[in-house]
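Given as structure tokens, the chain that follows is alone and in the form predicted on its own.
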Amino acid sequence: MLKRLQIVGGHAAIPLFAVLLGLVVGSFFVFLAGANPIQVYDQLFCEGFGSRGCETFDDLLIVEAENDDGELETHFAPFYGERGHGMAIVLEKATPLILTALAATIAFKAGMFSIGMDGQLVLGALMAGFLGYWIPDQIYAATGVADFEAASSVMRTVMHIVVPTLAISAAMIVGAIYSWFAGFLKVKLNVNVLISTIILNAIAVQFVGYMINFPLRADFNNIARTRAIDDSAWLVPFTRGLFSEIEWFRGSRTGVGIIIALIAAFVIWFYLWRSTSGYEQRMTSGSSLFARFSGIATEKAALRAMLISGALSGLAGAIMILGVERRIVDGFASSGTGFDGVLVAILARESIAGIVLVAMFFAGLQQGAINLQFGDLPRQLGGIIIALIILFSAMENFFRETMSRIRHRIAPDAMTQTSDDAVPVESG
């Protein structure tokens, strides 16, 4: 148990060091903006991860608030939800990041460096957004019901199950097919996956922009947008449903989407590490030639991985529309959420548990960076800090090699002894 904790601590040390180094280097840009780095970082993390009333790093753990009698009470900040908590918004924003990071991981584990999550996500979102109002329209026309409010309670319950299920399933199918196409080009024509997915992303973004501005445009608002989905397709957030009385979720649109994302994370972990198909996929990534001579159908494994990857990205897009946005607005396709998911997968080293943690950390930093502008600071400053953290996190191998060389210079005899102990000695 102690050895396992040491291994986990060793793996976590470098990412934590990268975060600290990113904050230290980011202080230079904070000084250029004429601000105090400590105050900026207080605001960045409080806005991203803190409860209401959070002002300093200390408030991220313990916060004091007045009760009804005007007396100060001490609360454990992560559970203090009076007027809402920043982590509730983090869960909302982390949901698509988790799903797109899982999509990237599935592809990477099959040796397919696909970054097509953006295109698959926006196409899935478009399909879910369209079916979110088209299917209910057909049901109302067939039954003679005016709208969702006029329907009977039984009909509303059935529609609340059927409509989102159909919309999400269609979004996953669209994402899967679009991803499979890139896999097919690689397997059959040896087209570089990185290049093909970049091109397919651009096509998808332009196509969705065209559909929003012309065929699916709902009105002549100054910003093009589609019709809002019907109430029957809405994945109701916790604040209006299951946890409506819990203040912790106030101000967020977190809902069943985060539950779906966590279930998907467990399913993908089980698939990759506890199933025969997952083993074949990982073997394909490690050495496709060896896997082929071992009897593994590498092409089939790669295409299967691309199908699953696209389905997860399509699911992310569907949840963003059905659970959060409720309509697609011009500019949605250029948000870059899918690409952020790729970054999360890379930073998490394709670890499933790491993806969940990194996605939440990434979402919190994004939320904090956006809110910096309310403190008379440019929001781009937060983006620079996030970029520096990502840059230094990507240099993990460099840091490990540097630390290894330093240890070797400090105690060369100990390093040699360790190496000798690791080599088995043959007897006889």
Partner chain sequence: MLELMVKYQDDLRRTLLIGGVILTILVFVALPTNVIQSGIRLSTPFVLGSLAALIASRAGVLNLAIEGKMLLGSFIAVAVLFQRDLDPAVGVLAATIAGGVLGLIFAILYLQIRVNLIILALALNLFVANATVFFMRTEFGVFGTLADPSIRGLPTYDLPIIKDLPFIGELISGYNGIVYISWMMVVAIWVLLRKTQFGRHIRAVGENKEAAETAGINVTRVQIFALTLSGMLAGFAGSFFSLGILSQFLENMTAGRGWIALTISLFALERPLPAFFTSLFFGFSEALSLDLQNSETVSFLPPDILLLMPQVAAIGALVLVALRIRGSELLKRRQFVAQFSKELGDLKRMVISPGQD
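Computed from a predicted model, the values in this text were never measured in an experiment. Positions refer to the first chain, counted from 1. We call the rigid core whatever largest set of C-alpha positions still superposes within 1.5 Å between the two forms.
One more form of this protein, predicted in complex with its partner chain, exists but is not displayed; see below.
Participant: Mind checking whether each of 346, 383 and 398 has a heavy atom within 4.5 Å of its partner chain in the predicted complex?
Facilitator: The answer is yes: all three residues contact the partner (heavy atom, 4.5 Å cut-off).
Participant: Report yes if any heavy atom of residue 376 sits within 4.5 Å of a heavy atom of its partner chain in the predicted complex; otherwise report no.
Facilitator: Residue 376 belongs to the contact set for its partner chain.
Participant: Given that the partner is absent here, does residue 210 sit within 4.5 Å of its partner chain in the predicted complex, heavy atoms only?
Facilitator: Close contact exists here: in the predicted complex, residue 210 approaches its partner chain to within 4.5 Å, heavy atoms only.
Participant: Taking its partner chain as it sits in the predicted complex, is residue 196 in contact with it (heavy atom to heavy atom, 4.5 Å or less)?
Facilitator: Yes, contact at 4.5 Å.
Participant: Taking heavy atoms and a 4.5 Å cut-off, does residue 360 contact its partner chain in the predicted complex?
Facilitator: No, residue 360 stays farther than 4.5 Å from its partner chain in the predicted complex.
Participant: If we take heavy atoms and a 4.5 Å cut-off, which stretch out of 221-229, 69-77, 196-204, 168-176 is in contact with its partner chain in the predicted complex?
Facilitator: Heavy-atom contact with the partner occurs in 196-204.
Participant: Pick from 353, 154, 141, 189: which residue has any heavy atom within 4.5 angstroms of its partner chain in the predicted complex?
Facilitator: If I apply the 4.5 Å criterion carefully, the residue I get is 189.
Participant: Check each of 268, 307, 185, 235 and return the one that places a heavy atom within 4.5 angstroms of its partner chain in the predicted complex.
Facilitator: None of the other options qualify; the answer is 185.
Participant: Do you see a C-alpha shift of 2 Å or more at residue 402 between this form and the one not shown, with the core held fixed?
Facilitator: Yes, the C-alpha moves 2 Å or more.
Participant: Would you say whether residue 381 is displaced between this form and the one not shown, judging by a C-alpha shift of 2 Å or more on the superposed rigid core?
Facilitator: Yes, because once the rigid core is superposed, the C-alpha of residue 381 moves 2 Å or more between this form and the one not shown.
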